[in-house]
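Shown below, as structure tokens, is a lone chain in the form predicted on its own; questions about how it binds or moves come after it.
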């Protein structure tokens, strides 16, 4: 292999050319991804208003023992569970519906994908106005129908922002599942029909097992997105009522920019990164085992 990549060989010239093309991407990731992560890790070992006092593991031990940090993580975990389950169920259901030979399915697909292409800030402002208890459109519709107005952001705030997140992201998961469905050979279903399998049995025995890679990807992306959620809590509920929607990233934001404790917030960010990486690795291993089983 080393001989093939010598400077004088054709493969060596190809390798140099490939690295030159990769250099801008490598520099970009180094400057805007790896270096900031390293800076956050280093800041987590310091304390003080300017994070200029060495504290070692003090911030990390404090974060692990802080009830507010544990509460924000539990809130985030509940939020992520709702988002993951909803993304898989709704995305697959919509993909199965659109995969049928129906008129206007292309338009329906585009309409569902538009919210995903919209920024979280715009979606948050839109739904905050819709769910406003006094001036919101949704309560006005209920009153026009003779129904009582609801306190949408107070009754079940975590479920509300999870529903908004699903409304925005379900179009993307639908496209992923639709691509997976269209990649399943039709001969499998035809053979199952000949054997007398109905639609429900074909779904459980053929469609769902063959969608395992797509389901794994959707679940991993949904977990990462749920654990990193910020804009929904910041714009729609402000973390309230009380701390009912105090998501982890929102809590870290408050620690950093409201209490000005950048060392403590950096330590919490590193701990959250470790949790995200751990969950991702566990999901990938479990997904690979399930694929082998199928």
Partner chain sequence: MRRGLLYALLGLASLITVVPLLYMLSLSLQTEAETLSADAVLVPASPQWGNYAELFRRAPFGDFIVNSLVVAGAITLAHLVFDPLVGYVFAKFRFPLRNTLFVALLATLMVPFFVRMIPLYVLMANVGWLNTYQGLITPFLMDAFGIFLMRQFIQPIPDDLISAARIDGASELRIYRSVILPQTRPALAVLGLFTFVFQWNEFLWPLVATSTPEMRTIPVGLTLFNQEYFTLWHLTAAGSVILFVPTAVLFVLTQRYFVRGIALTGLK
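Numbering follows the first chain given and starts at 1. Under this definition, the rigid core comprises the largest set of C-alpha atoms superposing within 1.5 Å between the forms. Keep in mind the model is a prediction, meaning the values are calculated, not measured.
Keep in mind that the form predicted together with the partner chain is missing from the display, and what follows is about it.
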The partner chain: the contacting residue among 141, 156, 191, 85 in the predicted complex [heavy atom, 4.5 Å]: 141
So which of 206, 197, 77, 130 reaches within 4.5 angstroms of the partner chain in the predicted complex, heavy atom to heavy atom? 130
Given that the partner is absent here, does residue 56 sit within 4.5 Å of the partner chain in the predicted complex, heavy atoms only? no
Taking heavy atoms only, is residue 73 within 4.5 angstroms of the partner chain in the predicted complex? no
State yes or no: in the predicted complex, is some non-hydrogen atom of residue 148 no more than 4.5 angstroms from a non-hydrogen atom of the partner chain? no
Residue 185: touches the partner chain in the predicted complex, heavy atom cutoff 4.5 angstroms: no
For the stretch 256 to 273, I need every residue with any heavy atom inside 4.5 Å of the partner chain in the predicted complex, listed N to C. 256, 257, 260, 262, 265, 266, 269, 272, 273
Residue shift check between the shown form and the other one, rigid core fit, residue 278 Cα at least 2 Å: no
Does superposing the core leave residue 68 with a CA shift of 2 Å or more between the shown form and the other one? no
